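Same protein, same chain, two forms; see structure 1 and structure 2 below, as structure tokens.
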Structure 1
Amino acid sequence: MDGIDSSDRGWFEGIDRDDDEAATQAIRDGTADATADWPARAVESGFAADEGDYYDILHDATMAATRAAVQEYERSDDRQLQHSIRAMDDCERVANELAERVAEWAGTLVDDGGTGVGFCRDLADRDPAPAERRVVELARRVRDLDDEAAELRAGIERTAPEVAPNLSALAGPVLAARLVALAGGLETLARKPSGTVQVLGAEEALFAHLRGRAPSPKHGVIYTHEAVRNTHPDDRGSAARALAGKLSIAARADHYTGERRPELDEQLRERIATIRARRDDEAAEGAGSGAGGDGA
């Protein structure tokens, strides 16, 4: 490619046309300052026999680059975290549904009936009579699913702080993983405004609101966070906004730098304390007014 400015050379510069790996990497990483007649330059340099040959090579290289990018994404840590939290939720949901079936069925066969996964665990240890064998086996499936959910949760609690250290510190590992899964990845979560983070998981309520059939939701899955759940109902909207704001910053820090920012934890604590203090001040003022009225 003599005579061509280095800044205008194509992705195929210095590549053996039969080296698929090098071509794939060049497509993924290559850039140019401006557009050019790349097919003509590829032919001129001897890289391709003609324009059709150039486009055949380009097609194969771009398809390989796309496959590599998809594979890289699917194997990424945050993608594995998404699979883990969804699998945990599935195990817990199915275990609870089967536990209801077991409780109803076992109630017709055993005298010491019960409900829930705990009852299934007790029943799973039973040496069943012939008539009880199938329901006991089903109880054992519930126990196994509950055990698998616990293993998945333990894995999430180990992995989430490595994938998203700030988000996990603020939200807890399980909620952090759930937010990443709902957003579709850590990068996607990092790009979302705090208002969207606030209502992740409340999509049905949000759509109902947009159709004019319900009030605007104040929070989605972040309701499970202590900062929201343990705040007075009248102040939960404020608490949810404060939490979502810090979670958004945490997600961006995790995705773009990966550096731990402990000051976010303290800022959230202070903000939630301020929100809750307003309610305490109002209660104190009310009590004072009442006392003054009695004295009069």
Structure 2
Amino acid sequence: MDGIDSSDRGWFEGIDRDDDEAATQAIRDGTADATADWPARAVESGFAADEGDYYDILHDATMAATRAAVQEYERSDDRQLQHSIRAMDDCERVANELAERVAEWAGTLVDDGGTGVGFCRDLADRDPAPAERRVVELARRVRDLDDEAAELRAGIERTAPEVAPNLSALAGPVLAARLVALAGGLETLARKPSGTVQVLGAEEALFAHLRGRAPSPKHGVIYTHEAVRNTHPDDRGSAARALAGKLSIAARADHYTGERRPELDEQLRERIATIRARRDDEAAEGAGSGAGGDGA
């Protein structure tokens, strides 16, 4: 430490001790190459009366700076999107669980029993006989949860394209939100290699594979995408790899530029068409020559 230059200054240097905002800013954005005996220096420069006084100011400043940074993060759009998709999944799961209970119970009381959330909706609209009151009330809770799941889905379909326009266009808003949630944020998703994006949601299978107990998983949640699901099982690995590649490019475009890149949609469509064409070629070959393809 030779003298004080711009990269070798304490957070308190150059700010007024009563200026809370400047202190917060200094803690959050400041940098220094080396540490120094900041408490002594703060007292020496007259910033603080004594060491105890310095630590009091430092406590307030670090609390305020950390609180501000945490709030900024937690209220960010992609963070809210993660809560929404998880809440939607919770509502759907709980609605289905409760619907099973209602079906079991109602079957003992009403003649026209049924199953599922649809049955609960019918039951919820009825005027219950005294003995049916509790089970009908339960059915109404299922209806409300199902309604809330639909509201959450509508919200996700509205906000996901704002948070991640390219990812939402390629994956659909719900899958886009799910990928962001699994990765823990749009930025973390953007930084992941596409091989990781391909198996997000298949962690159990992936770790079983890494420990040498299983083949590598072909896909995680991107399985729900049309490009994977509607491709022949033998080609799903290729389709998942191609899709994951485009999705990671989309996530990077969304995080780093935020601009829509429509050419990605077309590239994905072409790539999937090529993969599916293999199957057609093989079938044609098989029919023509009588010899199988690679038999994969």
Partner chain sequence: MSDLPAGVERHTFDGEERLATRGPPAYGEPTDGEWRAWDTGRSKVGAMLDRGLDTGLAADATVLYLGAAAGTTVSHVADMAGPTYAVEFAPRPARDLLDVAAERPNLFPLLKDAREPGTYAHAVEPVDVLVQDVATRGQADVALRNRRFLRDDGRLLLSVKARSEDVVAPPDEVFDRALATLREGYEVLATERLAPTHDDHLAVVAAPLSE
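Residues are numbered by position in structure 1's sequence, first residue being 1. What you are looking at is a predicted structure, and each value in this text was computed from that prediction instead of being measured. In this text, the rigid core denotes the largest set of C-alpha atoms whose superposition between the two forms falls within 1.5 Å.
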Checklist entry - Just checking, which of these two is the form predicted together with the partner chain? => result 2
Checklist entry - Once the two forms are fit on the core, has Arg269 moved its CA by at least 2 Å between structures 1 and 2? => result no
Checklist entry - Aligning on the rigid core, do we see the C-alpha of Glu259 shift 2 angstroms or more between structures 1 and 2? => result no
Checklist entry - To one decimal place, what C-alpha displacement in Å is found for Ala36 between structures 1 and 2 with the rigid core superposed? => result 7.0
